[in-house]
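What follows is one chain in structure tokens, specifically the form predicted on its own.
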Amino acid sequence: MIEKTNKKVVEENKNIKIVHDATCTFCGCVCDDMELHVDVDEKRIIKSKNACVLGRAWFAEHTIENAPAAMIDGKEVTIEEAIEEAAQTLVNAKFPITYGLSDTTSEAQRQAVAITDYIKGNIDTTTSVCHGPSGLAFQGVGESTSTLGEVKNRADLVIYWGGNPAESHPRHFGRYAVTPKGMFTPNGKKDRTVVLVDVRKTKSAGVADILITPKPGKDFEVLWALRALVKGVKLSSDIEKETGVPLEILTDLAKRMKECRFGVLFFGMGLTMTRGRHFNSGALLALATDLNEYTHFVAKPVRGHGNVTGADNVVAWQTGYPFGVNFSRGYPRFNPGEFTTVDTLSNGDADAALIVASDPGSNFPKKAIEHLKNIPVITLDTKTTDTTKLSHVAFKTSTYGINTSGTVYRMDDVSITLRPAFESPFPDDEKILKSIKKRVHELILKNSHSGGASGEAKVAAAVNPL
């Protein structure tokens, strides 16, 4: 009893700062109703009210590391020296690439695009290894969309396809789509029908009123069958042999979709990164379009990283394309499979890399990682990773949303301003990237005046940056 009392006294004597309406940037839900309790003296978050299990870990694990702010080849240097070396490396490269960007602010993402434009390089985001196929489908088919607020207030039919939000986005059910009470869904879950389509039973199955388990790799066939049924086409019962889903179940789902007031299709990487890829996403988006002839239906990808949606938005409004963009000809070109980072590394094209808030050294294919080890790599990250360990130049930066403000985009394309909890001794990504951009600009102009090899080839972009 005395031990518990003493612990309470110590807790009360701590210098605690409370941050209201803070934002969790761990996943694409970007929940902005956090109440963070910060130990000001120790510079760490000791409590994160309203956060899910992933959010609590995100806040608790982010402490200030006792590490150099900048290193070159593993040796501590000043930030200015590292910026100079990074700029020289990028300007002298023939095929420099920029990658990552999904765990930083949109302001920093904009600087990365400008740098890549200056050096006539190649820019790509983590979208290329997750919802890249959806990006292709959006361009080919279009997207019927809405905000998560509209889903909360209006949706009476919610379909999750190829995802497991219970483990990947724990608050998606409770805050946006399944149990929350809305303007036209005053009874919450009782006013909604929840359908889960997945090849296996996951922890998300517990909230589902209807669970559909197609054969692996047969999502496209199931979606095309639903499109046919929605349009009134009669199908043979043999469809079950092809898809693993009985005709009566498909017919019932098609009927429910046509008769609901507001339906939504949430889809994950179980759809985009399996057999069919962008054809799967395109079929789902086309199904949503078909259904709008009968009711109101929307479709949204469930995005992973905290600001991966922002990365797509920023790169798209800067270049016209969401990821996998090349500037080598002086204007942006888009060609997934050629200009996406796994390919530029695996094919041995890239001769320098700027990696921002990402760790391809731990999760890319072996061939890509081996090439990454053989070229000069510049990294900006909040922690030590496999990629920072192999870096030529490594910057330690502050954590967005915890140490720095800025803008991020929720998975429904709604922009949110961050409220930092405590300061970091390390600079933020935007500041470092701005400094690199400035020095790159100076070097390109200097080379052009002195007739340097890279001068005239890059000066046009330097004079007219994005």
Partner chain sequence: MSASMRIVNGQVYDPKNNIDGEVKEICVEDGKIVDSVSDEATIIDAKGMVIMAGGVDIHCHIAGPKVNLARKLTPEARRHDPHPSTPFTRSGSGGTTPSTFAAGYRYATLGYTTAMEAAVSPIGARHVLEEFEDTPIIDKGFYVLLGNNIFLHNLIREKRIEEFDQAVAWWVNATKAYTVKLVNPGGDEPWKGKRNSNVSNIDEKSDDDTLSPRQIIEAFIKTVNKQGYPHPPHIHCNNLGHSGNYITTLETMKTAGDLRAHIAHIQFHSYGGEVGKNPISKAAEIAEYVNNHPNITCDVGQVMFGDSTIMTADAPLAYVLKGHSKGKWVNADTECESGCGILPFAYQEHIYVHTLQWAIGLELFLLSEDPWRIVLSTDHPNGGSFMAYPKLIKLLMDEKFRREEMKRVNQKALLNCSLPELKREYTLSEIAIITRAGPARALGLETKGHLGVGADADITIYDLMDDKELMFSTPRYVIKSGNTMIANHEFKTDSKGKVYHITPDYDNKIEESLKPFFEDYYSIEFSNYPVDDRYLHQHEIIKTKTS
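In this text the structure is predicted, and so the values were computed from the model without any measurement. Residue numbers count along the first chain shown, from 1.
Not pictured, yet referred to below: the form predicted in complex with the partner chain.
Among residues of the shown chain, R261 is one whose heavy atoms approach the partner chain to within 4.5 Å in the predicted complex. Mapping the unseen interface onto this chain, Y400 falls outside it, with no heavy atom inside 4.5 Å of the partner chain in the predicted complex.
Contact annotation: E143 falls within 4.5 Å of the partner chain in the predicted complex, judged by heavy atom distances. Not displayed here, the partner chain is approached by H441 to within 4.5 Å at the level of heavy atoms in the predicted complex. Look at 198-206, 265-273, 379-387, 181-189: in the predicted complex, residues with non-hydrogen atoms within 4.5 angstroms of the partner chain sit in 181-189.
Just one of G149, G244, G174, G217 comes within 4.5 Å of the partner chain in the predicted complex, counting any heavy atom, and that one is G149.
Proximity to the partner chain in the predicted complex, taken as a non-hydrogen atom within 4.5 angstroms, holds for one residue of Q88, T213, T251, N292, which is N292. Of the residues in 403-424, those that come within 4.5 Å of the partner chain in the predicted complex through at least one heavy atom are, in sequence order, S405, G406, T407, Y409, R410, D413, V414, S415, I416, T417, R419.
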